[in-house]
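Here you get one chain, nothing else, as structure tokens; it is the form predicted on its own.
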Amino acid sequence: MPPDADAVVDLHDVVATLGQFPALSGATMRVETGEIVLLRGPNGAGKTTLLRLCAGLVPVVRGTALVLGHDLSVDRDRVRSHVGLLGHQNGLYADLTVIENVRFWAATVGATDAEVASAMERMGVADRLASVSVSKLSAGQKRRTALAGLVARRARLWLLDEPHAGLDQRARDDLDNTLREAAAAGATVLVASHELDRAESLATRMVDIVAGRAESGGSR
């Protein structure tokens, strides 16, 4: 099947390595605008590597990889401003306050103060938490701050690795509602999660990652 420049993600027989280890060993997957796709699989299957590859952070060793129309074999840098990646680490600056962290990430795409305020309100880190140093936050508050920065970035492609980790029930519900609204507005979401009951109810389609290969798990 020829590459599809209109697809948000179009991978064909992609191989990617971590050191000498083939973390992806022939992944083929196509994702369209507005989908929320759950990546399922055991630890070490390649889920995190696939997310990082789509963010332009892992080089393509072999195969064809188009993300938002950019060929990752030759043009990884240009895709990075259009995606939002939240990994196991929150990517926050501990010596900055909550609002300073969210403003920093928002500034990378020219988001307004109103968009920053809206993102912080949505993820529950406005008001009393706004001026608190990240170093003084709980694990859940740090995760919500990182998610607020992601919301403010207005990414076309959301790449989330265990996004519910550390969140309480209300914050998990807020996140799921945010992802559904983002997808309805034209964003696309890839989620890697072991919390299958919650993630499967959120996803519109599942893809199983098995030994570095992507296999369709069907639609809902």
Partner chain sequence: MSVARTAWLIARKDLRIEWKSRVITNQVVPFAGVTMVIFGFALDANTDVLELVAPGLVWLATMFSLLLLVQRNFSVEADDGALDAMRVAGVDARGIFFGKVIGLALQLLVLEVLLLFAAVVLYGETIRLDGAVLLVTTMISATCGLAAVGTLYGGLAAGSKGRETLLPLLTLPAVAPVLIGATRAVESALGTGVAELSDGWQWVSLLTVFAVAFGVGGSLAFGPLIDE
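Positions refer to the first chain, counted from 1. Computed from a predicted model, the values in this text were never measured in an experiment.
Omitted from view is the form predicted in complex with the partner chain, to which the following refers.
Residue heavy atoms within 4.5 Å of the partner chain in the model of the complex occur in exactly one stretch of 189 to 197, 51 to 59, 65 to 73, 174 to 182, and that stretch is 51 to 59. Remark: Arg153 counts among the residues lining the partner chain in the model of the complex, judged by a heavy atom distance of 4.5 Å or less.
Of the heavy atoms in Gln141, none are within 4.5 Å of the partner chain in the model of the complex. Not displayed here, the partner chain is kept clear of Ala126 by more than 4.5 Å at the level of heavy atoms in the model of the complex.
A residue is said to contact a partner when one of its heavy atoms sits within 4.5 Å of a partner heavy atom; Leu85 meets this definition for the partner chain in the model of the complex. Scanning 92 to 107 for heavy atoms within 4.5 Å of the partner chain in the model of the complex gives Leu92, Tyr93, Asp95, Leu96, Thr97, Glu100, Phe104, Trp105, Ala107 in sequence order.
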